[in-house]
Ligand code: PA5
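Just one chain follows, in the form predicted alone, and it is written as structure tokens.
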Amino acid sequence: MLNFDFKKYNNKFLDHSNMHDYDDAIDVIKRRFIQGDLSYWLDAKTYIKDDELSKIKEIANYVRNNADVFVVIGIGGSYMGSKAIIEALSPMYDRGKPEIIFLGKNLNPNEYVETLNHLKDKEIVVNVISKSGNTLEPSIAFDLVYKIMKQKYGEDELQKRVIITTDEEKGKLRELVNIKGYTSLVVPTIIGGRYSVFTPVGMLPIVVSGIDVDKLLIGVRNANNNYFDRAVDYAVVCDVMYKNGKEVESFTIYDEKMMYLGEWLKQLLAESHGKEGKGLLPIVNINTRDLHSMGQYLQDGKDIIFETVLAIKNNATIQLDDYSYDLNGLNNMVVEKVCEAHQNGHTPSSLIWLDVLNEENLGELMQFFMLSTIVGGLLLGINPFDQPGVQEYKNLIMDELNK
């Protein structure tokens, strides 16, 4: 279960804004979600159908029984969501087999040398994820891992150990599937990369890790049924902040296991809203660590930031002999006091509590943010589903490579 408090630490700011100015725009947006062109976002089956999920579970069972290392190759939305969930819900230590490695997210030669050396003597299964099959970083990563695998395995074995998630009909990777007969999953046409965590793009690595995806999808449905109005409220609060001079949104997180969730949020917001000279700049702070660095700026720096605070109410705990709080109670008290201190400065906060960190709550939280991101983009008057600016650097690189 999620609990939202958008008022307690925002009142000094929101009291000076007329929230009713949004009523007409929100009525139009809600009609689009409830009975119009955006209604598919409120149906979990849009992300993944039962037969696709069954196939993924079968593939994952093979991977767990036959791989020391599961290599997931992709960049951006092709891996961010699944890594966020795996990091949040897996044990910190002793995760067991298979080890899951995410590759293809950069061009760092040191990482490749160390990773390829690590893979040489391991049993490997690879899942390359790319709709077009032409993105530079995943293409290079797949070429290098595929080369190792062809030295280790015959064609019959490769058909089971190479899993390709790509466009249903076209592209370089689909051609490879058609020629070689490799296991394949489909990148859905209707759901863009940064929104694809609950599609086959994100689900296979999550199932391989042992996380219960059925409970994740229960969380998605819960968010659609119970939290859509709250997602709209949150989008309005963020838009009010933006229109009143706030330029930066800090996602402030009180559990380091959710650090990669923050990275997923950065992509979701920046790529969806950062266009046409508009949009908030998302950053991530991990507390209490960053109270001893970024906390100074949030308290006394330039008046351009507001916070969205993510915290867990009922963590495991340890008794503390010298304090009147146990460790969980102390952490929760600090959450509230930091919000109070920052509001006393000039940094307002919206507070989102998870009662516990589990599959259902994380499914609820991520769907909540995807819905609010779409609503927020519509309030900005931009398309929340495209990313035209991403192409510019790609064009320059390809021009250089094609000289």
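Start at 1 with the first residue shown and count on from there. Since we're looking at a predicted model, the values are computed, not measured.
Another form, the form predicted in complex with this ligand, is not on view; read the next lines as being about it.
- The listed set 135, 184, 90, 222 contains one residue whose heavy atoms approach this ligand in the predicted complex to within 4.5 Å, identified as 135.
- For the options 240, 101, 124, 75, the one in contact with this ligand in the predicted complex, meaning a heavy atom within 4.5 Å, is 75.
- Though the partner is left out of this view, residue 332 does not reach within 4.5 Å of this ligand in the predicted complex, counting heavy atoms only.
- When this ligand is considered in the predicted complex, residue 161 lies well away from it, no heavy atom lying within 4.5 Å.
- With a 4.5 Å cutoff on heavy atoms, residue 130 counts as touching this ligand in the predicted complex.
- Although the partner is absent here, residue 200 is not a contact residue: none of its heavy atoms lies within 4.5 angstroms of this ligand in the predicted complex.
- Remark: of stretches 390-398, 5-13, 18-26, 375-383, the one touching this ligand in the predicted complex is 390-398 (heavy atom within 4.5 Å).
- Of the residues in 249-281, those that come within 4.5 Å of this ligand in the predicted complex through at least one heavy atom are, in sequence order, 267, 271.
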